[in-house]
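First, one chain by itself in structure tokens, the form predicted alone.
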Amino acid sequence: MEIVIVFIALLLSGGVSFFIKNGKKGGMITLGGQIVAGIFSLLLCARTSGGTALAVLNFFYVDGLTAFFLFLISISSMATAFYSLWYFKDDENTGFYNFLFNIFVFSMYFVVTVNNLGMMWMAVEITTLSSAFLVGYRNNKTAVEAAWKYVIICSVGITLALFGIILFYYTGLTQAGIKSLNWTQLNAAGNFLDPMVVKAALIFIIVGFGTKAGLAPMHNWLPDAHSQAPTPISALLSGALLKVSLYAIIRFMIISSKSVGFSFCGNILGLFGIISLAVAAFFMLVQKDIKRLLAYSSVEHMGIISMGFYFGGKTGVFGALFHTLNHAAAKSLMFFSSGVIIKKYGTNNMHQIKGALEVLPFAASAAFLGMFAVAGLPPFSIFMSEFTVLYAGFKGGFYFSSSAVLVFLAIIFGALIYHFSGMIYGKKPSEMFRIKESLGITVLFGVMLIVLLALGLHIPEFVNTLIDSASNVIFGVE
């Protein structure tokens, strides 16, 4: 019953914090709710990561794939709730923020645990609505425009995904007599589904949920939303929300692979993956806004994950899932550290941020090291997951696409070095002075850097088991 406790904790935390006028007290309640939800999520991960699947109340379904994404969401949400305490320390009455934060996290947990695919679609839509208010939280013109753009584009995508789900229901009903949208039932009947209908449905699913996952060319909402949202929400959008949408795609890929083969599913993701890398490489070169730069970096990494599924095999899928986890950790660090710099300088414009190392030595150092982590340099963990994905590509004979990935990664690395070196080592403005940095946030940066280094040197047994169990679900190995 761990999952029930998770949802109760989040609802109580959101409901109580809404009425708390004091920002710090409301933030503490939110953090407490996230910690309780995170602990019970991790307990559920431990129970299911070894290959055991659990059905709860005939409504929730938790297997190895769910456990992996539960782990990702729980770690991201706890870290973000802690960072939010510092970020809003000077704000009065953050009850609305804390309420929406809890509902946002609640909906992401719901997406990855509910068995019914129709309910999963509804939960994805709730993530859009709750996070849209968070994107427009500052209530200025640009923030509201970004929120509306986010809602409209993602709602169009979700509508396409709904049509794909209807097609899955149609072929499940006509070919297998299944009068349900439960994933367990549709997956069991996957071999009997009409291949032509499944192919059409999967295209709608990948385009629809891929819009929410930030895959190019459906990514247009993402740079605006990331640049206008409060920094903690930018981190949660990038670290967790994009991955939750990927989870939805994977669930349908598993069903589809039984009737049309895994390669058909992978080929579609490979197309969007290479487009995402190309788009990200170009736009990262010309960015001025640091948060938009990080947003296009997310597009890049979702492209790498997609390429892992395109290259396929155990190695490619393992690399894609490992990269999913690494990107969540690295991008959260980048948004957190950049958020500290932005708050001090009062601007997102990288051309106006100079000499950050003198003003904010710990935050600037974390941002610079995080930049190397995001760029995929050793010994950070993203290097290992990118290496695994590329190894799967060259080993599988995908020489052209693997080489193209390497070229785009080189361009992106150059763009990151160019932009961040200017901010970190440029000439400090005369009106900027070094300030005392928060001990808690500095410790958070240190822990995140240690995690990224540790995962790059050795994958802990628990994490390895989580990824293996998720891979086994994808390949239908019980």
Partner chain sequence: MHIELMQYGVLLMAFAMVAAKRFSALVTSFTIQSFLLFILTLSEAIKTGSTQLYILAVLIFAIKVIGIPVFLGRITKKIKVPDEMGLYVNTTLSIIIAALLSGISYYFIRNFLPSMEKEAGIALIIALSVTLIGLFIMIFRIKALAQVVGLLIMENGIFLAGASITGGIPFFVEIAVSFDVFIAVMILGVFVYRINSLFTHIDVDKLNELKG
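Numbering follows the first chain given and starts at 1. These numbers come from a predicted model, not from an experiment.
What comes next is about the form predicted together with its partner chain, which is not displayed.
Colleague: Using a 4.5 Å heavy atom cut-off, which stretch among 311-319, 238-246, 79-87, 154-162 contacts its partner chain in the predicted complex?
Modeller: In short, 154-162.
Colleague: Using a 4.5 Å heavy atom cut-off, state whether Tyr391 contacts its partner chain in the predicted complex.
Modeller: Looking in the predicted complex, residue contacts with its partner chain do not include Tyr391, since no heavy atom lies within 4.5 Å.
Colleague: Look up in the predicted complex whether Ala404 has a non-hydrogen atom within 4.5 angstroms of its partner chain, and give yes or no.
Modeller: Taking the distances in the predicted complex, the answer for Ala404 is no, it never comes within 4.5 Å of its partner chain.
Colleague: Do Gly266 and its partner chain come within 4.5 Å of each other in the predicted complex, heavy atoms counted?
Modeller: No - in the predicted complex, heavy atoms of Gly266 and its partner chain never come within 4.5 Å of each other.
Colleague: With heavy atoms only and a cut-off of 4.5 Å, decide whether Asn191 touches its partner chain in the predicted complex.
Modeller: Output for Asn191 is no: heavy atoms all beyond 4.5 Å of its partner chain.
Colleague: Quick check on this chain: which one of Tyr296, Phe209, Tyr109, Phe380 has a heavy atom within 4.5 Å of its partner chain in the predicted complex?
Modeller: Of the listed residues, the single hit is Tyr296.
Colleague: Please identify the residue among Ile254, Ala216, Leu167, Leu360 with any heavy atom within 4.5 Å of its partner chain in the predicted complex.
Modeller: Of the candidates Ile254, Ala216, Leu167, Leu360, Leu167 is the one lying within 4.5 Å of its partner chain in the predicted complex.
Colleague: Are there residues in 95-131 with a heavy atom within 4.5 Å of its partner chain in the predicted complex, and which are they, in order?
Modeller: Contacting residues: Asn116, Gly118, Met119, Trp121, Met122, Glu125, Ile126, Leu129.
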